[in-house]
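Just one chain is shown here, as structure tokens, and it is the form predicted on its own.
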């Protein structure tokens, strides 16, 4: 072995050996930080300095020593290997630094909150009455566990206020006593945003469930935030109107939660987001102040519209207690077709054609891969509407209008015939009755319930260009291999993909953690490279809090933190969610 070969071997061996040592240093530092709140506070500055020192030393070692000094002696393939190893290490150290930051932040935040005392419970009992306080472990359990069963809190007290005034008194008291709280509606969230992480008090809005008014002239619905979406849909339907929002979880999700996450749903392509359909709302701030903008008029420009701070705020600024939603006239006719193909390019061609041909009558256009469809078919024990054979991709298209049903049917038939002539699909089905339409929608809307029933699910709700849907599904399946099944479905018309990794059963938590650690960096890096968003409609919650900088400019995050501190200076509202390092 000549001198150059020995040098290459030594450099590779020495650097590969240094990686675990450096990572172990970071792990030990993080464990020190987690030992106690006092130790964390004393070591915080020193910890950050040592992490920065390690990062600088390790990230620059190969670049400054190996690559620049010995570049002329190393063969290109070896140089590429060294650079790949360095990139891998950079990712490891960034992840370790992020975990250290999160651990120290959680300890720091937790240390500033008060512990719940008997005198606090006595106060809440006086405000609400003992019948509106839950302390029994078995009764509290559903409030502590999120819909995906991944996030479990340690809450020991649930409050169920019945009106706005009670929420004002609760929050004012909690703010003064520095007691952390988590607002909770139907608890159908998928990113850990609606459950406690530690021992926060849960404030449930389920008893704020009154429908206050519906104006059939303006189409404005006024209701409390604890109203279930499906109840509201049925109420306005009796007046010949429809809600602008429709979700698979409509039977249990609440309108306050829909607003807090700015839910999109299957009608987004036609009616837009909750930002555009909210006329007014009431919100209680952490200090007990009530902000009331429910005036029942759409045309109003009086400076900053604070409503939009709470829509998509995920309960981190205050609690929405009442809202006014703009509803739309209920169409008199609708039609649905299901298109199938093994070629994703054909699906994209159908998407483009449907948006152009149906235009203002297009009310929904949904994508499903075969695995998604199969979960739903098996769960509901129903047959595939396209019975010829199973296809890799499916496209659900719905149009609705106030024209007669025959006219809408004819429009659909002409569109399908044109698509067939241009070889845009391999098979298609056109619904012939309302029951068939409901069956097709049951398949699409039942996917989340079917996968939740199957076992643990690592869920991603991302914004992405439609042409990338199939690519990310395939790449993530290749990444995890046979350990689990990747499925994809979503609102392809507006680039919203629900990418899920589903595991059979609820026993293997280690596999769940392994897959989550494996998938999250890959998926969010992919989304970042494609200039997408890490959250389309589910929110940031707890799951995505460390990845927010990949979708938002640092200056935007700084201003978000300033807004949070202005509304909630003590940080009692839904801590650990959306923002870090407050």
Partner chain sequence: MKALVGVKRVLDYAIKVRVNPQKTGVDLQGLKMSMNPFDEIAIEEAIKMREAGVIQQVVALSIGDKNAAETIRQALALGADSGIHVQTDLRIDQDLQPLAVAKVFAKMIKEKQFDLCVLGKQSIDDDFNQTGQILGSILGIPSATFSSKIEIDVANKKATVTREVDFGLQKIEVQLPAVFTCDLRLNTPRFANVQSIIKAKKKPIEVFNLADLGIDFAPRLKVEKVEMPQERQGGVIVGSVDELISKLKNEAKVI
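Residue numbers count along the first chain shown, from 1. On a predicted model such as this, the values are computed, not experimentally measured, just so you know.
Another form, the form predicted together with its partner chain, is not on view; read the next lines as being about it.
Student: Please determine whether residue 435 contacts its partner chain in the predicted bound form, using a 4.5 Å cut-off between heavy atoms.
Tutor: Yes, residue 435 sits close enough to its partner chain in the predicted bound form that at least one of its heavy atoms falls within 4.5 Å.
Student: Residue-level contact is defined here as any heavy atom of the residue lying within 4.5 Å of its partner chain in the predicted bound form; does residue 334 satisfy this criterion?
Tutor: Yes.
Student: Determine whether any heavy atom of residue 473 comes within 4.5 Å of a heavy atom of its partner chain in the predicted bound form, and answer yes or no.
Tutor: No.
Student: Can you check whether residue 383 is within 4.5 Å of its partner chain in the predicted bound form, heavy atom basis?
Tutor: Although its partner chain is absent here, residue 383 would touch it in the predicted bound form, with heavy atoms inside 4.5 Å.
Student: Ok, 375, 425, 268, 393: which has a heavy atom sitting within 4.5 Å of its partner chain in the predicted bound form?
Tutor: In short, 425.
Student: Counting any non-hydrogen atom inside 4.5 Å, which residue from 121, 247, 431, 290 sits next to its partner chain in the predicted bound form?
Tutor: The residue in contact is 431.
Student: Check for me: heavy atom within 4.5 Å of its partner chain in the predicted bound form, for each of 388, 405 and 416, yes or no.
Tutor: Yes, the whole candidate spot contacts its partner chain.
Student: When its partner chain is placed as it is in the predicted bound form, which of 405 to 413, 347 to 355, 204 to 212, 160 to 168 ends up with heavy atoms within 4.5 Å of it?
Tutor: Of the options, only 405 to 413 has residues within 4.5 Å of the partner.
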